[in-house]
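The chain below stands alone and is given in structure tokens; this is the form predicted alone.
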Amino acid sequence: MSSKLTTSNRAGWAFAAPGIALIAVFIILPFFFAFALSLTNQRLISPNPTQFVGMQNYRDMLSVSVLRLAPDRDDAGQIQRDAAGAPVYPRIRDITRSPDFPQYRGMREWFRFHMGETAHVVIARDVVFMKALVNTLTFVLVVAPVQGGLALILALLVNQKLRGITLFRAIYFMPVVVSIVVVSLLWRFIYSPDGGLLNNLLSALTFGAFQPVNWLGNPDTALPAIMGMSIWQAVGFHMVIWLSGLQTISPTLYEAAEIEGASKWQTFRYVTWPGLRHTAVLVLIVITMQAFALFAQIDVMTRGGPLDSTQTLVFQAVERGYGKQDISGGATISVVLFLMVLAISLLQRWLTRERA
């Protein structure tokens, strides 16, 4: 028995060796190489020698502070106001450039909010990275549940034994096989403010009351527009994963539920959903990783604009690493992104674990 197990293990390792080698060469080693570069000031085509800077890149990228500013007052103690009647506050630039506050040197205003007369100003050393971080997390938090839920609904619909249902499966899956670059170009024309399909359709439905919107040129609508396109493009892929999980559930369980008089909701809650637990974990992890890897849509449709409203971590990593030739900066973003995806994937796995 021992010799048979040993032989079996050797055969298994032999079959797995090519895959393990590819993963090691193209994933594991590049990650450690990127981590090493993130500890330096490496730049492409730089005449200066590469120096070890430790965690300085991470500190510069993640440094955030909050300034509490009281409004300026005149000699009489009255609050100074501008022409519009709004209180006047000290200039952030005067603080970040002052020798009295060396900890704020090089930082810029990210956003501000008011509590009474006090203005709370959030400043960051790398504002563009912080915007990219927030945009990426927002994209994940919106796209992951919406795309997963919509894909599950489509899977339940196309899992019916009806004539012509295969055609609907092919139609829903069709956007997945089209290049994301082609899809992004197509949706850029759909979102066009001048004769775009979406504006024309909304105008026709409202009998001309709807005014055309520059969906990709407005900071308030650019990221939601990309979210909508991304959900439409990849929902068919996750529908197929849900469908494969549905088809592994034994029909006898549904027959037993029907005999017991269970409603459709009760059947879904106590039969379908428990049978899809492992599939749900897979779908959530896959959607999360794909959402964090958002790049092609941004590169084709907005290039990170307008006003950095569609910046993402992957786009920033590529833009800095190759566009600005800042290899250490791009490597730092890549390491931060990897750790975020790893942490969220482990958290999802823990939350969806089977409880005894």
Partner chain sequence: MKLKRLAACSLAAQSLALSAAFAQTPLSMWYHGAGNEVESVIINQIVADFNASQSDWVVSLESFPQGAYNDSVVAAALAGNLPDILDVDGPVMPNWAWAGYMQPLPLDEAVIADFLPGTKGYWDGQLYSIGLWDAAVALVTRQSTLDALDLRTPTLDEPWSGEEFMAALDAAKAAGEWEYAFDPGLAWTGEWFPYAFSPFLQSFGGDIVDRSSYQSADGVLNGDEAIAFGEWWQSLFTGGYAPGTSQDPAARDNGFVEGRYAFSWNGNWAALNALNTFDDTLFLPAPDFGHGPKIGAASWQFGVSGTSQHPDGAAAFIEFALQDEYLAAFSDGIGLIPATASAAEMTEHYAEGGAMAVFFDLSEAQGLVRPVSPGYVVQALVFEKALADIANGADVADTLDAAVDEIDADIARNGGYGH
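Quantities reported herein were computed from a predicted structural model and do not represent experimental measurements. Residue numbers count along the first chain shown, from 1. So that the term is clear: the rigid core is the largest set of C-alpha atoms that superpose within 1.5 Å between two forms.
Keep in mind that the form predicted in complex with the partner chain is missing from the display, and what follows is about it.
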query: Which of 115-123, 137-145, 192-200, 77-85 lines the interface with the partner chain in the predicted bound form (heavy atom within 4.5 Å); finding: 192-200
query: Contact flag, residue 128 vs the partner chain in the predicted bound form, heavy atom cut 4.5 Å; finding: yes
query: The partner chain contact in the predicted bound form: residue 307, any heavy atom under 4.5 Å; finding: yes
query: 4.5 angstroms heavy atom contact with the partner chain in the predicted bound form for residue 55; finding: no
query: Residue 133, heavy atom within 4.5 angstroms of the partner chain in the predicted bound form; finding: no
query: Members of 90-123 lying within 4.5 angstroms of the partner chain, judged by heavy atom, in the predicted bound form; finding: 91, 93, 97, 105, 106, 108
query: Flag for residue 193, CA shift 2 Å or larger between the shown form and the other one after aligning core; finding: no
query: Exceeds or equals 2 Å, Cα of residue 90 between the shown form and the other one, core fit; finding: yes
query: Cα displacement of residue 29 between the shown form and the other one reaching 2 Å, rigid core superposed; finding: no
